[in-house]
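Heads up, the chain shows up twice below as structure tokens, two forms, tagged structure 1 and structure 2.
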Structure 1
């Protein structure tokens, strides 16, 4: 299978190494700085040999990228984050062109399996009010958002299944107790952790914890390539979580 990479930064390089180690071909690399890339700009000619295009660039002109790639009738995997206010527009562009696209803020296969496990676990815990859910995440000291989007997503999964819980609390809880309908989501920033997420259910006699530990960026590249294979012969607009769910269902 032939891939075009848009964006040749940290993730572009990671996808390239993983692709070459797994018998994908890189037919072109587009990066606006152009260093070691085959093209500086996206064009029909730049992607004509590719089966699927994988974008890890920047959100600046991602809608333009989606519009162009869809008009070239090429399948697209978007790892770039920070454009989700325009998700409806992206869906419409893909539908109007009858093309295919997968997006995700987190292409780690393990994390998307973890989302699915969290969904099942929260459905069970809904039936057992003696267990109180909580979440915490640990990231390196360079990360500027807190909590990260992945922890928020885990929180929303819990809220959607545990009926007695109505609200996520991210702040420090000073001078008051946490309310019975709240779930506390904590963040730790230290050292070099690429990303650890813990989902816990605490009872009076015991504690259940589920933990996902990212080791490096390779997991994102692995997921983006799985997405590329999956979308190659399909049309439509999908999140990577939907792709993982469809693989789980068989």
Structure 2
């Protein structure tokens, strides 16, 4: 299977290493500044040999990237975050071009299992109002969004299942108390953390915490390649959670 990489930063290098170790072929690398990139710009010629394109670049041009790749009739895996206000537009582009795409705020297989666990846990907690949910995350000091897409996704999972909660709060609580229908999502940026996410439910008598810790970036690369294999020769717009769910259900 042949892969084109868009973005040749830390994640691009990680995907390349894992791809080569697992008998994938890297047909091209697209990056404006990458020393060993084969192309500086996305074009039909740059991706013509690829079966699937994996993007871990920047959110700035992601809709343009999706538009081009879809018009080339290539499948796309998007690991870039920070563009989710445009998901509806992306879905329409993929549908209009009868193409295939998978996106995720986090391609770690373990984290997507964690999402499934969070969904089950929040469904249970909905029945027990004495427990108050919360989320916090820790990432390295080079991460540019706060909170990250993964923490927001966890928050949305809670909102979808815990009926007494209506709103996520990402900012500091200053001069007021948290409202009963709010869930506070906290962020810490320090050092070299690849990513830690904690989902908790606190009551007067006890505390329940679920935690996912990424030890390195290999898990994200592994998930992106699993997604690439899954979307190859498929049409439609999918989240990686849907891919994991389909595997769980068999």
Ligand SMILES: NC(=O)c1ccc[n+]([C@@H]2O[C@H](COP(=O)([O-])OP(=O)(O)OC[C@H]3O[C@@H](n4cnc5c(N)ncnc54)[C@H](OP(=O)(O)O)[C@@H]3O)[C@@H](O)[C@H]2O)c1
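Values in this document were obtained by computation on a predicted structure and should not be read as measured data. Think of the rigid core as the biggest set of C-alphas that the two forms share within 1.5 Å after superposition. Numbering follows the first chain given and starts at 1. Only residues modelled in both forms are compared.
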Q: Only one of the two shown forms is the form predicted alone, so please name it by number.
A: 2
Q. One rigid part pivots relative to another between structure 1 and structure 2; at which of 136, 22, 96, 215 is the hinge?
A. 215
Q | Rotation angle of the smaller rigid part relative to the larger between structure 1 and structure 2, in degrees | A | 16
Q.
Superpose the two forms on the rigid core and tell me the Cα shift of residue 186 between structure 1 and structure 2 in angstrom.
A. 5.7
Q: May I ask for the C-alpha shift of residue 120 between structure 1 and structure 2, in Å, based on superposition of the rigid core?
A: 2.6
Q: Fit the two forms on the core and write out the ranges of at least 3 consecutive residues whose every CA moves by 2 Å or more between structure 1 and structure 2.
A: 117-213
